[in-house]
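Only one chain is given next, in C-alpha cells, and it is the form predicted alone.
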C-alpha cells in the first residue's frame, strides 16, 4: 500500500463539491494497496497493482487548483493532461511490448470538459488530446484490455480523450454520472429551442436524450452498475465495482481489440444500415 494515495483529501472536498472530486475519491478507494506512480502533472493520477492476478494501471484526471492553465483547475482535460495521459499509456505499451500478457488499463472517468482556453487552443490542445486518444487506441489494438469506469461527468472532448477508447465501459447508475457531447442549456442555445423542447425530442429519439439508460441503449455502456452511493461509497460499493472490473477483464479475450461491438446496441439500427449501404457502394455489391 502506498501511503500517499491515502492522503488525498476525500470527504471534505467531496462534501463541498460532490461531482467534480468523485474521480479523486474513487481513485483513492480503488488504488488501496496499489503503488502510486509519479505522473508528470498533479492532475493525472497513476497507480499500478493487480486485479485477480492481472497486472493493471489505474489512471484518473483530477482537479488541480494550482494548474498552470486556469481552464484546467476543475478537472478539465487540457494540454498538460492530454500529454500526460499519452505518456503514461505509451509507457505501459512500451514496457509490455515483449510480454505475452499485456497490462490492463482501468480509467476512472470524472471529466467535466476539455479545457477550452485561448492559451491552450493556441498551444495545441487538439494535438495533446489526440495524442491521448491515439495512445489509448494503440494500447487496445496491441492487446491491453481497457476498462473505463464512469463515476462522474464524462463530457465532450474530455471523454473522447480519457475513456471512450475502452474495450468495456462501466457506469455507476447515479444522476451525477453524465455522458454529454454538449450540456442541455448550451444545446438549447445552439438549436434555438427551449430545454423543454429538447426533452420532448429526447423522449422520441434516444440519441438526443441525456439519461444513461438511453445512452446505454446505443451500445455505449456495457454495465450500468447500481451502487448505494456514488459520492460516499460503502465497502459494498467498492466490492461491487471491483467485481465489475474483474468481470470485464475476464470478458475481454486476447483478440478482442476492437470496439465494433457497440454497433449491436438496441438503438443503433440506423448506424448499422448506413454502414451496410456504404459497404455495398464501396464493394459494388
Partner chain sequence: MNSTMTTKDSSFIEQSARQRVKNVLDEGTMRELISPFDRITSPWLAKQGIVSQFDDGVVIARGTINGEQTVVAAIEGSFQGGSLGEVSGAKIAGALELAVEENENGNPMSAVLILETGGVRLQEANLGLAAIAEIQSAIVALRRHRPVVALVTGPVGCFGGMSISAALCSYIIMTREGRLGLNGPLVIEQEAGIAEYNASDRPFIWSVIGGKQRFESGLVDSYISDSQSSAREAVEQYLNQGVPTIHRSEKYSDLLEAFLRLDTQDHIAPHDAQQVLLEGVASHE
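Residue numbers count along the first chain shown, from 1. Everything quoted here is computed from the prediction, not taken from an experiment.
The same protein also has a form predicted in complex with its partner chain, omitted here; what follows describes it.
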*With the partner absent here, would 31, 51 and 73 each sit within 4.5 Å of its partner chain in the predicted bound form, counting heavy atoms only?*
no
_Proximity to its partner chain in the predicted bound form, single hit among 227, 218, 249, 55 (heavy atom within 4.5 Å)_ = 218
*Scan 129, 147, 172, 109 and let me know which has any heavy atom within 4.5 Å of its partner chain in the predicted bound form.*
129
*Touches its partner chain in the predicted bound form: residue 100 (any heavy atom, 4.5 Å)*: no
_Just checking whether residue 41 would be counted as a contact of its partner chain in the predicted bound form - the rule being heavy atoms within 4.5 angstroms._
yes
*Is residue 140 close to its partner chain in the predicted bound form, meaning a heavy atom pair under 4.5 Å apart or at it?*
yes
*May I ask you to check whether residue 115 falls inside a 4.5 Å heavy atom distance of its partner chain in the predicted bound form?*
yes
_in the predicted bound form, residues of 193-217 near its partner chain [heavy atom within 4.5 Å]_ = 193, 201, 204, 205, 206, 207, 208, 209, 215
